[in-house]
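Below sits a lone chain in structure tokens, taken as the form predicted on its own.
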Amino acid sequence: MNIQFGVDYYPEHWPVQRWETDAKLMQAMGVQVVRMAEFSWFKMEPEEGKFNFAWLDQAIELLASYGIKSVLGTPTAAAPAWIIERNPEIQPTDPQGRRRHFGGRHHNCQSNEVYRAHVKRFVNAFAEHFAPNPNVIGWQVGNELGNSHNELCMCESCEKRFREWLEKKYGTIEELNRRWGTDFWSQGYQNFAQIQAPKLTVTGVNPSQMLDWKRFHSDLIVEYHQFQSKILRHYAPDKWITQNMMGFAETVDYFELGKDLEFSSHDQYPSMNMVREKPQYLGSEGAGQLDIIRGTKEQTFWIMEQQTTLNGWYEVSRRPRPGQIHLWAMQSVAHGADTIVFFRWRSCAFGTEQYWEGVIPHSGIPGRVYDEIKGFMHKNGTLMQEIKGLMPQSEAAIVFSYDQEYAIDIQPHHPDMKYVDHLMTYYRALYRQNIPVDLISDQSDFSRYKLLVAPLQYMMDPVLEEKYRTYVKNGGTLVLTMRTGVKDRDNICDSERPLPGGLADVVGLKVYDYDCLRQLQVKVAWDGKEYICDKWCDVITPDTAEAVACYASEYYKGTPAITVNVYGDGKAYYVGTEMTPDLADRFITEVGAELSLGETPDGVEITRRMGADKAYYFVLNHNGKEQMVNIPEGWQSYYEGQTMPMPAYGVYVYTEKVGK
């Protein structure tokens, strides 16, 4: 079924008498699908084994009578109070050994066998009941898996599973001791039973243990998803399964989770990024989150929760200005979303999310938000049918690695250094120059790209080294950054070679010294102009590399900050510092200017989706004022009235014939 538009609906929050009014308003708006039920376990099972699916059957059938299909979420993200009362041990334990209690959501230990038994009982009944219904087209497992848990849970059940995971990985306790470096601080183990979850210690943490804990935790969540999806597929092999991911959330490896999905979904809330975005990079944070979700399966995706209006729990965001809701939804489409499901249908009058507002307000009376989203749906339905499944076909990519993020999170070096922030330095510079970017895993095919940015390759292994080497040798342009090759995959420092380890010949340099810029910035000179860098400086000793830019202050003044090395048929750049925006822009001009879709004012992005014979270009004005944009010859306006200047928060779409 070709579905473009939907809403997240909670009929259990409203009187049955209101449901048909909602269905009529949805139909008039253009809604084709709703997601329901992901937080309604108690409503469906008020006591063990006594299931009440009748209310949801009624809602599904009523919506279907208005041409609206349903996606059902297994409601396992919020176990009901009667389960907690009977089995309090299923509640998660934090790193300080404290139990987290009922009253929010995700208040469960995903390894606990008692909890798993409750989930199995419920999901079997749920799937068996709804699988035959032709108006249920797919499933969502739980809700935002990994959300709320962070480093939870560290209970006895999780410790047991952790030990089993470690024994399977290492085989013997002697091998674990060797690869964890447990000679330090007398941390050696005699058997796996002695190993605990990395709870609060008197001081410090073993980086190798913590890295394995994060990997284990991710694997546990992936396996928990598979535990439920196996049941759903048993009863409904004809229905698809997805999961609503959360952009750069780090708790679970979305590349691994994506393997269990027919397609990925994402929850997109642009206003949560507003306070972090500088004017010249408006829209970049949201774009990056969309691109990483597209990268999880390297295919188009759904938005399962698209922001409608203001959101918040105890504090609230800014309310979107007229046109911004349409703009945000079209940014999702531009970056690869085939379906937009708006969160939520109606602002809830009670509970934690009273001010995470919806398409219609608490009063139930449609207003500006309803009208703007209705306009979006009515205007763009044909376009979205045409571009379904079409990808951007980027020529630039950034390698994203959960392993690298985990390791940097454990030892960030500088208190302000964050893996995603460092990666976004490059992403924003590419975005600013309208260079389409794929965010890919280090398992992906690099050969498809002319430009490959691999930030903070902190942990390295021979296989990945050879993959980068081959990419450059065969003509690619590779960008490596500071802290490359510091450690092996066990989070142990390379003690055999200077940095950057096995890739020294590819980048043509060595790093014998480095500086953490605590309360300090350093100048970098490039073609007579000075720029600022911060957080970190590698002190580079070139071998065959040539200096592109040099430090202009501190004791390493005059030494290279950025280098380039010819290797085989390609080039390898090395950036030894954390670049500020001006320097990052200058650098991307150096390495990728020919990949740009065109120059635009600050806050205006161009991206595209490519078909076999036609390209679709999206020009998005994230500014609150008009902007002039030079449109290339050959681009044809998709909609009438696309005249310059572009209006505030305006969206223009163009097409161009491609191929033969």
Ligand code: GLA
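Counting begins at 1, following the sequence as shown. A quick note: this is a predicted structure, and the numbers were derived from the prediction, not measured.
Another form exists, predicted in complex with the named molecule; not displayed. Remarks below refer to it.
Contact annotation: the named molecule lies within 4.5 Å of heavy atoms from the stretch 142-150 in the predicted bound form, the single such stretch among 121-129, 142-150, 542-550, 445-453. Contact annotation for Asn491: none of its heavy atoms lies within 4.5 Å of the named molecule in the predicted bound form. Of the heavy atoms in Glu405, none are within 4.5 Å of the named molecule in the predicted bound form. Remark: Asn244 counts among the residues lining the named molecule in the predicted bound form, judged by a heavy atom distance of 4.5 Å or less. In the predicted bound form, no heavy atom of Lys297 sits within 4.5 Å of the named molecule. Listed residues Phe343, Tyr531, Tyr427, Tyr468 were compared with the named molecule in the predicted bound form; Phe343 is the one with a heavy atom within 4.5 Å. This chain is drawn without the named molecule; in the predicted bound form, the residue among His413, Lys510, Arg179, Arg105 with a heavy atom within 4.5 Å of it is Arg105. Taking a 4.5 Å heavy atom cutoff to the named molecule in the predicted bound form, the contacting residues in 337-363 are Phe343, Glu353, Trp356.
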